[in-house]
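As a starting point, one isolated chain is supplied in structure tokens, in the form predicted alone.
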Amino acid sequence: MSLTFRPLHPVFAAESTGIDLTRALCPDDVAAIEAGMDQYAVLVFPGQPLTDEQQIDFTRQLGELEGYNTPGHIRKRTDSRLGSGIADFSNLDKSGAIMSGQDRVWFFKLGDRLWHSDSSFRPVPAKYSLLSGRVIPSWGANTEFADMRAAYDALDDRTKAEIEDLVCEHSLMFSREAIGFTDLTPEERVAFRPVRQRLVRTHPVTGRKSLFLSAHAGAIEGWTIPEARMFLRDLTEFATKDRFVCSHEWRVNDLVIWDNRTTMHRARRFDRNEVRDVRRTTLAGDVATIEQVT
């Protein structure tokens, strides 16, 4: 059976069937997935009971794993229950127990419920994220996606001209401060220092423009902070209207892939007394949106 796509939303996102991701793929399958990502930006692969090793292997068939010396989380690698190459987005601690509601890591993770693009706080932002659902709670925990291509297309011409050359600063400090998490060590503040990103990106294959928004964006070069944050909030409110958003209701063994260059996403609430075990691999981006100031 060949790979097929069933659209899930009028402008983006599709369910993908007819392929077994636990096995090595042929070049034609890889090319079909990449073409599907270029078209739909979010692909849902149901019924993929991946091990961590299989998820890493599949990700590497699409490109290089993201790797940085600087952290993207306050949780140290030595405190993770998972091996290298795969990130733990569960509500479990190192021992496998449900995190305390007072855990510093839990507070930090709540920032994932803001609209964001993965690794926009890095000099070279991520290409794809791949999230595998291993244990799903009985209520809530959807992941919502917003198509930044369709949102850009729907902007009026005046706004498109205004934002064309704008450069934003992105940092994990901005997104965590937005929810009241300011408990960062001096070392973490250095690691999370802002990076520069264009507000408008152009897809390297399709040529479509998209907004590069994220809760990590907290400043616009040449603008005052209050004006910049109000403008970014207005853009985010517009870009996450229902007509641009698709909500994924997780099932066990779903694998969802999304393109961070053309979408934003956010996690939704769930009963934190139930286990939510989801694991992410991240495909490295291949180009910076703009030169960084050193």
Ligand code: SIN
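It should be emphasised that the depicted structure is a prediction, and the values quoted were computed from it without experimental measurement. In case it trips you up, residue 1 is the first one in the sequence shown, and so on.
What follows is about the form predicted together with this ligand, which we do not show.
*Asks:* To verify the annotation, which of these, Asp112, Glu188, Asp153, Glu169, has a non-hydrogen atom within 4.5 Å of this ligand in the predicted complex?
*Replies:* Checking each option against this ligand in the predicted complex, the one that comes within 4.5 Å is Asp112.
*Asks:* Going by heavy atom distances of 4.5 angstroms or less, which of Ile33, Leu255, Leu232, Ala267 would be at the interface with this ligand in the predicted complex?
*Replies:* Answer to the contact question: Ala267.
*Asks:* Could you tell me which stretch in 207-215, 161-169, 78-86, 112-120 has residues with non-hydrogen atoms within 4.5 Å of this ligand in the predicted complex?
*Replies:* Stretch with heavy atoms near the partner: 112-120.
*Asks:* Could you confirm whether Asn91 comes within 4.5 Å of this ligand in the predicted complex, counting heavy atoms only?
*Replies:* No.
*Asks:* Indicate whether this ligand has at least one heavy atom within 4.5 Å of a heavy atom of Arg280 in the predicted complex.
*Replies:* Because a heavy atom of Arg280 falls inside 4.5 Å of this ligand in the predicted complex, the answer is yes.
*Asks:* Does Thr143 reach this ligand in the predicted complex if we count a contact as any heavy atom within 4.5 Å?
*Replies:* Yes, Thr143 sits close enough to this ligand in the predicted complex that at least one of its heavy atoms falls within 4.5 Å.
*Asks:* Wondering, does Leu131 line up within 4.5 Å of this ligand in the predicted complex on heavy atoms?
*Replies:* Leu131 belongs to the contact set for this ligand.
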